[in-house]
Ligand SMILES: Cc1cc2nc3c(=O)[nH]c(=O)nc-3n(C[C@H](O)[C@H](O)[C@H](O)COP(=O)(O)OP(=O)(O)OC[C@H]3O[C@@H](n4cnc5c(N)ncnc54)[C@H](O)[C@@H]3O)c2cc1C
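A lone chain, given as structure tokens: the form predicted on its own.
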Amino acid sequence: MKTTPPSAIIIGAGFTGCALAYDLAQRGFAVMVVERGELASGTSGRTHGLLHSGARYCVTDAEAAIECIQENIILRRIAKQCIEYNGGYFVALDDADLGYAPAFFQGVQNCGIPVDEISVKRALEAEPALNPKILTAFQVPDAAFDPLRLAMAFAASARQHGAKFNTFFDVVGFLRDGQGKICGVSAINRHSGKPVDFHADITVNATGAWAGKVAEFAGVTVPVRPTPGVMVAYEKRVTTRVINRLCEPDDGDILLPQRRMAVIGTTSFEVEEADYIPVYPDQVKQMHQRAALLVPELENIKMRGAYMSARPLIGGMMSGRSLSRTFKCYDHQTDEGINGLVTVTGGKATTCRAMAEKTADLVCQKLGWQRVCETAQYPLADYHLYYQANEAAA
């Protein structure tokens, strides 16, 4: 059993990387995060900002739905500074949506998600901008969160426990000791262009949609399919609550308020390369049409912008929306005989803390470090402290 504090490198400073840095640092690890951009500069910074209740997946992916509601409850408690507690509606627009209602209602109950069927009158009184032709409505505990604040809150908490963040360092390879074990990473300082080596007892690949590409540096395969989707933001906040269409997961099925804006999303398609994915005009048009179905006045409200986010869906025999939203943690020593490297990917923003906990459990097991997770017990540090810590270090 290890008696001296272990060290860990985490590649990637999105939600999962920042949450993992906090978890491992809290368990006594010397943690170093290496990120090629800034915090949340990949998928995490281009998400809806939806704190899922799990209701979106309760029929098609119960495992993901249960994970979401469990973590929804925890994040509401520990990340209050990042969340708007506005709730969500699932609304039916046509007979097909109504036909989905029984399966939906049974699904949320099976997954332990609080749900309340409300009258159309009540829904329209609460959200007057909603399509007046809706046929039914269900209320669930969805919420909106600020993506950057959530990442910074986890990172600030990690810093309070001694974690160090190295942003704008692009990992280009892994270091190995005399026995072939991975003992760190080689990176390029993107400001100076100079190579830098970082050493640690274990390295975790937490790069989301880029996890497969990073894993290739070690000669291993991670079955991640970068699955981008286009979202459109509008220059008006048209609802107070998150509005979901009452249907199986589909393009443009979620409209949510985000600060002074409304955001509709998302499409779904697969790519081989997660960098520089174009925002296709036909998909922007489709999102605009779907948004106007839920809230008709959006037809004439100016778009503030359209953007893309690449989901890290776990690959397999299925494709597109049929892929599970659950996350996977790979021990490459067990799977491919490569010691010193773990990969975590998949999941959703809502489940980032749980992903970090399971990954940290595996890392502790591998290194013989017996410390339990405590990240669900205490509020996260003020997100402002992440940059204050930076200034103090400078």
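Note that the structure is a prediction, hence the values are computed from the model and not measured. So that there is no doubt, residue numbering starts at 1 and follows the sequence shown.
Omitted from view is the form predicted in complex with the ligand, to which the following refers.
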(message) Although the partner isn't part of this model, could you tell me whether Leu50 comes within 4.5 Å of the ligand in the predicted bound form, counting any heavy atom of the residue?
(response) yes
(request) Using the partner position in the predicted bound form, report whether Thr60 sits within 4.5 Å of the ligand, counting heavy atoms only. (result) no
(request) Determine whether any heavy atom of Ile11 comes within 4.5 Å of a heavy atom of the ligand in the predicted bound form, and answer yes or no. (result) yes
(message) With a cut-off of 4.5 Å between heavy atoms, is Val34 one of the residues that contacts the ligand in the predicted bound form?
(response) yes
(message) Based on heavy atom distances of 4.5 Å or less, which listed stretch (279-287, 115-123, 164-172, 296-304) is in contact with the ligand in the predicted bound form?
(response) 164-172
(message) So the ligand isn't shown here. In the predicted bound form, which residue out of Gln139, Asn72, Ser309, Thr239 has a non-hydrogen atom within 4.5 Å of it?
(response) Ser309
(request) Just give me the residues of 261-278, first to last, that have a heavy atom within 4.5 Å of the ligand in the predicted bound form. (result) Thr266
